[in-house]
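What follows is a pair of forms of the same protein chain, given separately as C-alpha cells and numbered structure 1 and structure 2.
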Structure 1
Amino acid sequence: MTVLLFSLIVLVGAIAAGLIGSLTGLGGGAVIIPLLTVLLGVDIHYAIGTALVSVIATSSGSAAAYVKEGISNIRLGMFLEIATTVGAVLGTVVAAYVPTNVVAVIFGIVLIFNGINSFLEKETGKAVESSKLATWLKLPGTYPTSNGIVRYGIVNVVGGFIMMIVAGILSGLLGIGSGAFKVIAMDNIMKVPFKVSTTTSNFMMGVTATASAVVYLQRGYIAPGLCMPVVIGVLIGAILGSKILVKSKVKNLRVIFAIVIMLLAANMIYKGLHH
C-alpha cells in the first residue's frame, strides 16, 4: 500500500469518526482505533495515541459550535472535568499494572446494557427538579429547541462525579470508552437532557484526552505522519456533525448512540478475549 492510499483511507475514516463522535459525544476513538489496528495493521499503542489526538480534534471542532449554539453546559462540563482528568491520569498510571483485557471485557458488557437502555429510553420532555447540591453549584441550565428555550434541572451530582472518575480511568487505560460513560453519567444518572449531555461530553473530552495524550507523547506513541490526516478528517467530520445535531431529533440521536456503543462494546469484548 502506498503512503498516499494509506493517508486517503485514514482521512476518510477520520471524517466518519469525527461525524459519529460529534453526534454521539463519544469522540473519534470508537472508529479510529479499529480502523488503524484491524484494517491497516497499525500497532495498538500508536493507534491509541492517534485516537487521543483525534478526540482533541473532535472536541475542538464540534465543541466550539455547540458552545456558540448555547447547547453545551460549560459550568457542568468544567465541574465534571475535575473528575475525568484525575481519572485519566490514574488510568495511564495503572495501565502498566492492570491486565487491560479483563477491564475491556467487563466494561464492554456494561456498555451493552447501557446500549440496550438507550434504545428503550424515552425523552419525556419533563424537566426534573434540581437537587440542592446541583442548585448550590449552579449546574442547571437552558438549551435552545425548535419550541424555544428549555430550562432543565440536574440531580445525583455525587453519582455523576464518581462515574466521571471511572470514565477518565477508562480513557487512560483503554484509549476508548470514555465518551460513552460520560454521556451515560450525565443522561442516565444526572438526568441531563440527551442533546446537552452529548454536546457537553464533546466539550469535556478534549481536556481528558489531552491529559492522557501527554503520557503517550512522552512514550513516543504519537506519530505526526499518522496524526495529520486523522486531525484534518476528524475536524471536517466534527464540524459537519455539529451542523446536523442542532436540527436532529433526540430519538434518532439515541439510536445512533446505542448502535455505536454496542459496536464499541463488541470490539472491546473481542479484543479482551483475544488478547
Structure 2
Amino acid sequence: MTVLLFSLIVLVGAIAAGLIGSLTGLGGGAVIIPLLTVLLGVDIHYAIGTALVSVIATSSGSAAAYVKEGISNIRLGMFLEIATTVGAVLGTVVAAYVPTNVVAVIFGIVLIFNGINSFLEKETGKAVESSKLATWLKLPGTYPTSNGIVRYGIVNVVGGFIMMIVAGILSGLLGIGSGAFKVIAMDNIMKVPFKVSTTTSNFMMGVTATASAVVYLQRGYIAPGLCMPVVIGVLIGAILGSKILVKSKVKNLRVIFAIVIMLLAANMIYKGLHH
C-alpha cells in the first residue's frame, strides 16, 4: 500500500470518527484505534497517540460551534473538569495496582445497561427544580431549542461529580469510555438536557486529554505522517457534525448515542477478556 492510499483510508475513517464524536459527545478513539490496529496493522502505541490527537480535534472542532450557539454549559464544564482531571491523574496512578481487564469488563457491562436504558428513555421536557448546591455554583443554564431558549435546572451535583471522577479514572486507566460516563453523569444523574450533556462532554474532552499530550509527544506515540490525515479528517467531521446536531431531534441523537456506547461496551469487554 502506498503512503497516499494509506493516508486516504485514514482520512475517511477520521471524518467518520469526527462526525460520530461530535454528535454523541464520545471521543473518536473508539473508531480510530480499531481502524489503525485491526485494519491497518499499526502498533497500539501509535494508535493511542493518534486517538489522543483525534479526541482533542473532535473536542475543539465541535465545541467551537456548540459554545457559540450557547448549547454547551461552560460553567458546568469547567466545574466538572476538576473531577475529570483529578480522576485522570488517579487513573494513571492506580493503573499499576488494579487489574485493568476486570475493570474493562465491569464497565463494559455497565455501559450495555446504559445503552438499553438510553433506548427506553423518553425525553420528558423535564423542567427540574435546581438543587441548592447547583444554584450556589451557578450551574443551571439555558439552551436553544426549536421552541426557543429553554431554561433548565440541575440536581445531584455531588453524585455527578463523583461519576465524573470515575470517568476521569477510566480515561487514565483504559484510554476509552470517559466520554460515555461523562454524558451519563450529566444526563442521568444531574438531569441536564441530553444535547447540553453531549455538547458539554465534547467541550470537556479536550482538557481531560491534554494531561497526557506532552508525555505522548515525548515518548514518540504521535507519528506526524499518521496523525496528518486524522487532524484534517476529524476536524472536517466534527465541524459537519456540529452543524447537524444543532438541528437534530434529541430522539435521533439518543438512538445514535445508544448504538455507539453498546459498540464501545462490546469493545471494552472484548479487550478485557483478551488480555
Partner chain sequence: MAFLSKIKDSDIELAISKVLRYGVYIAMTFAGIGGFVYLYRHGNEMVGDQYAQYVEKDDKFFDYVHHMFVGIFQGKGRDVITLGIIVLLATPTVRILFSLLGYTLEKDKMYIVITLIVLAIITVSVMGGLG
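Please read these numbers as outputs of a predicted model, since none were measured by experiment. Here the rigid core means the biggest group of C-alpha atoms that line up within 1.5 Å when the two forms are laid on top of each other. Along the sequence of structure 1, residues get numbers from 1 upward.
Enquirer: Tell me which of the two, 1 or 2, is the form predicted on its own.
Expert: That would be structure 1.
Enquirer: Just checking, between the two structures and with the core aligned, does Val94 shift 2 Å or more at the CA?
Expert: Yes.
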